[in-house]
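So this first bit is one chain, no partners, the form predicted on its own, shown in structure tokens.
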Amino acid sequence: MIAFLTRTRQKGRMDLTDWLAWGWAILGTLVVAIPVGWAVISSLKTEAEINSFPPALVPRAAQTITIEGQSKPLSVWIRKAPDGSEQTVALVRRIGLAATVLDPAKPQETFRVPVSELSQLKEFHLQWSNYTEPLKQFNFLRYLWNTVFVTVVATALTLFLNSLTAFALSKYRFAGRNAVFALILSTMMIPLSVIMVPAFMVIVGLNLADNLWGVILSTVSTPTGVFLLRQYMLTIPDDLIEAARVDAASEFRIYWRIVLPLCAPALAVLAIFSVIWRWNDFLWPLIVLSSPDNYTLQIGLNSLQGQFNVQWHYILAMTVVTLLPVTVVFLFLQKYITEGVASSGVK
């Protein structure tokens, strides 16, 4: 691995191409990794820390102290007096530009100071409740199950239907084959906003509104999947299929036992794309689904955003949770991506 990463075009030294390649790779990595890393770090911050400015890189929380006679722990502050002396105080309450504080060594005595003299003490703190509280307050496990169900079923149907279509368009000769393929590709240029209303009317007519199957069935056939698989199947020799027909293999058996195994890299690429599409889909489930019990994760995250309050600490934590399954799928299937995409463009 080290030898692969350190290889150069010219043995023993790096030329301009190597520097540009490394610069582009590092820049691309930072562009992708920094927002994700910031979301992970912020998901472990308290709500007050997320809304504070300037933002802190390390998750922190205000130091607190328990004072006898006070109903709740008080935050600890450093008071810098006009004469330059510093004093550790606990904040009792704040009204406008004045704050009522007390000396922890003399908790019976309170006094008022300007807010400008105070600076809050903070310590390193990981707010793990950001991950546990939404599971208690909201039905996120139900949202997770709905999303997994939609993703798995839709991906399986996408692979099956698109591979059948690609098999017919690549290995059968019939009048209008190229026209059908061109018509399928032309649908890629139609935005969702154009077909949204007709598609929803079809879903309502099939009595699939507010049903997970309404989300699944309307998106199982994709022109991208048909194109990807057809181009890959064109690389499979026709002699192999003719030999199977001579051995009395049925057309479905040829498709199932010969063509599909040979298309494993392209199927893996399409599976990754399909999982990402379904897992991150927001607009179509938002249109079709109306009952909270049928919400997917993306709609569930949106429900945390109220009209007057946005619970960013919960949103960020649950966003990190939603990233994990897609990341795991990508890590397991990433070795097929280059091979599948490259082979799909070669006839």
Partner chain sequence: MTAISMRDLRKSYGTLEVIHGIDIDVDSGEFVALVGPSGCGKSTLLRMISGLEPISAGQMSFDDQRVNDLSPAERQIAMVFQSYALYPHMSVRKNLSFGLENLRMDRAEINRRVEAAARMLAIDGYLDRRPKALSGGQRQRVAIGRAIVRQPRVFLFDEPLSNLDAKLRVQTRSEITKLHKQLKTTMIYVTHDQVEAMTMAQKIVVLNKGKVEQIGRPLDLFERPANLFVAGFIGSPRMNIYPGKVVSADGTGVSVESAHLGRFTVPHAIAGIEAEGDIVIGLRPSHLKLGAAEPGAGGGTMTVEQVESMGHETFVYGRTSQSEDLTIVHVPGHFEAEMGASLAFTFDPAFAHLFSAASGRSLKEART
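Numbering follows the first chain given and starts at 1. Since the model is a prediction, treat every value here as computed from it, not as a measurement.
Omitted here: the form predicted together with its partner chain. The next part is about that form.
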Among 71 to 79, 234 to 242, 99 to 107, 123 to 131, the region lying within 4.5 Å of its partner chain in the model of the complex by heavy atom distance: 234 to 242
Residue 247, heavy atom within 4.5 angstroms of its partner chain in the model of the complex: yes
4.5 angstroms heavy atom contact with its partner chain in the model of the complex for residue 114: no
Residue 253 within 4.5 Å of its partner chain in the model of the complex, heavy atoms: yes
Heavy atom of residue 136 within 4.5 Å of its partner chain in the model of the complex: no
One residue of 262, 118, 152, 144 in contact with its partner chain, assessed in the model of the complex (non-hydrogen atom, 4.5 angstroms): 262
Of 258, 156, 92, 148, the one that lies within 4.5 Å of its partner chain in the model of the complex (heavy atoms): 258
